[in-house]
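There is one chain below, alone, in structure tokens, taken in the form predicted on its own.
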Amino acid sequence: MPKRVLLGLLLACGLAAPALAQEPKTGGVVNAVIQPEPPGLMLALVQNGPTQMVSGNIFEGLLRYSPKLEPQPELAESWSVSEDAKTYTFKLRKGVTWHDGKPFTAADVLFSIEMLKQTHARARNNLAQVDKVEAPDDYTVVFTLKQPFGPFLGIFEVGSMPMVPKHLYDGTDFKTNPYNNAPIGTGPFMFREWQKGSFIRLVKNPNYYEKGKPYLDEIYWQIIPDAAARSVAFETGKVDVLPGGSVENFDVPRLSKLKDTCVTGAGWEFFSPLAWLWLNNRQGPLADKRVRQAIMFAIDRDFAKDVIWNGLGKVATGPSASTIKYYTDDVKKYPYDPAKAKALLKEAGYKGEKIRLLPLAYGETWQRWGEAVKQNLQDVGLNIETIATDVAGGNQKIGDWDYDIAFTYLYQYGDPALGVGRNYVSSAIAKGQVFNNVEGYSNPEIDKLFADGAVATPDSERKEIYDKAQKMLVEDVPVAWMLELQFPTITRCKVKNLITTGIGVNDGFKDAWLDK
């Protein structure tokens, strides 16, 4: 959200001045919107935004992260780093149990790592610098790296490396395990019920290892497909929390002015969400760089920012969000220029071949954006066919590479070695997975730059490497970068302490309480 707009909203609901600390109260039920309905809740298998938002309160990682992205204890109570920066030793909390009562130990950590290498594209990329992982005892885990890797302590967030119960998954088919539908974690809330199309119910973990937490008794994640109905649900008191992106952007200012309503733009620091269009580089017209460049010139991204997103965003300049390390805007520029797009299509010899466009089924804003992009592309002569699908169907098509152009937004995770390279290096091309290099872009020089940038020292050398990578990618246009997204969270002011970390609502209910 633009700073002046967000400041105005904060002032309107009395958040500008620090409040006196209050003693948390125990009990109560919070109703929060989840939009859209998650395709699943097993974090080791599904990494869609709605899944992370719900399941980040069921599962846990070894660490949490402050709004400044500083590592904090979670399942690991402490950690140390060797002088050569190649050995990381984590001491696990004792007395932690899974929701079924079984103890959480180092064996679960070792198992989770091996499972995630198979099922979680980002975790696999993050673990590429790990030589071995050992457990000298039940409460110690030692990671030995092949070489120093500066961002290593940033990979242990719950969505990036969720801990999975070995006793329930070892020796099973991960994709068909029945616990995927009734997840068992160590987190502050336990899965209790999912009425498809209606709500997901989480209940307090009575055996949670942090004494006195969580404060709330239950969370109902309300599934309300219609955006107007979501706004009405907040106005009438049916829901207490509207996480970022759950209502139409044009409704944010109006809802923010309601009595006893609080707004914050915090809680997205770890993510820095960046929206783009996947462009299938493998075959057909989009295999030609000139066609991909034409798409960039054809799309009016300022219109999208100002009209469709109501100013809640920033036009992207390339593969890195401006909020993460080593960003540069010293790259090729793609202003809205339909004439330039037409010239590039003519030069490429485009002959009207059909191009399939897959919108993102995340609500009306995304639907309107899909329509606007389709019109932009048709205006320069591209033959566009929209393929409608739900979230799960869209995941399936993208993972199977069965698309030409597809909307998405991905998280950046604070460092290009964690959240950027995974979408462009050839080693991240793996069919059946959704958030890796699904466009099929392959460039040995880019592979080398990201490999070198991950381990280079000092920071000035990393910046030089990533500057070069950004310039090269923006020239090649493996995907069409659209907007850096901003997602304000709207709550009833009685909901206290919900946003305390760099991932906000995704792990926030651990600390949240109701001022009843």
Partner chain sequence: MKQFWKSMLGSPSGIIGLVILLLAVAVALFGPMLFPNSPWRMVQRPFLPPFTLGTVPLGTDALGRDVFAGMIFGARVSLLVGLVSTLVALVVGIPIGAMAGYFGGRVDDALMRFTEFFQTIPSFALAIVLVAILQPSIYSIVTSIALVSWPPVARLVRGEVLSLRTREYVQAAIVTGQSHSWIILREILPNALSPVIVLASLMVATAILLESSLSFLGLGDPNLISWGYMVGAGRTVIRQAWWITVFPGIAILISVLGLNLIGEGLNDALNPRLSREGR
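Positions refer to the first chain, counted from 1. Every value quoted in this text rests on a predicted model; they were computed, and no experiment measured them. Take the two forms, superpose them, and find the largest set of C-alpha atoms that agree within 1.5 Å; that set is the rigid core.
Note that the form predicted together with its partner chain isn't included here; everything after this is about it.
Asks: 195-203, 303-311, 118-126, 176-184: which one contacts its partner chain in the predicted complex at 4.5 Å, heavy atom to heavy atom?
Replies: Residues of 303-311 come within 4.5 Å of the partner.
Asks: Counting non-hydrogen atoms within 4.5 angstroms of its partner chain in the predicted complex, say which of Ala107, Ala388, Ala85, Ala430 makes the cut.
Replies: Contact residue from the list: Ala388.
Asks: Scan Glu445, Glu77, Asp400, Asp379 and let me know which has any heavy atom within 4.5 Å of its partner chain in the predicted complex.
Replies: So the residue touching its partner chain in the predicted complex, by this definition, is Asp379.
Asks: Does Asp217 reach its partner chain in the predicted complex, with heavy atoms at most 4.5 Å apart?
Replies: Judged by the heavy-atom cut-off of 4.5 Å, Asp217 is well away from its partner chain in the predicted complex.
Asks: Please determine whether Arg290 contacts its partner chain in the predicted complex, using a 4.5 Å cut-off between heavy atoms.
Replies: Although its partner chain is absent here, Arg290 would stay clear of it in the predicted complex, with no heavy atoms inside 4.5 Å.
Asks: Hey, in the predicted complex, does Glu364 get a heavy atom within 4.5 angstroms of its partner chain?
Replies: It does: once its partner chain is placed as it appears in the predicted complex, Glu364 has a heavy atom within 4.5 Å of it.
Asks: Might Arg254 be said to contact its partner chain in the predicted complex, defining contact as any heavy atom within 4.5 Å?
Replies: Yes, Arg254 lies within 4.5 Å of its partner chain in the predicted complex.
Asks: Of 199-235, which residues get within 4.5 Å of its partner chain in the predicted complex if you count heavy atoms?
Replies: Counting only heavy atoms within 4.5 Å of its partner chain in the predicted complex, the contacting residues of 199-235 are Val232, Glu235.
Asks: Honestly, after the rigid core fit, is Phe174 moving at least 2 Å at Cα between the shown form and the other one?
Replies: After core superposition, the C-alpha of Phe174 moves less than 2 Å between the shown form and the other one.
Asks: Can a Cα shift of no less than 2 Å be assigned to Trp309 between the shown form and the other one, given superposition on the rigid core?
Replies: After core superposition, the displacement of the Trp309 C-alpha between the shown form and the other one reaches the 2 Å mark, so yes.
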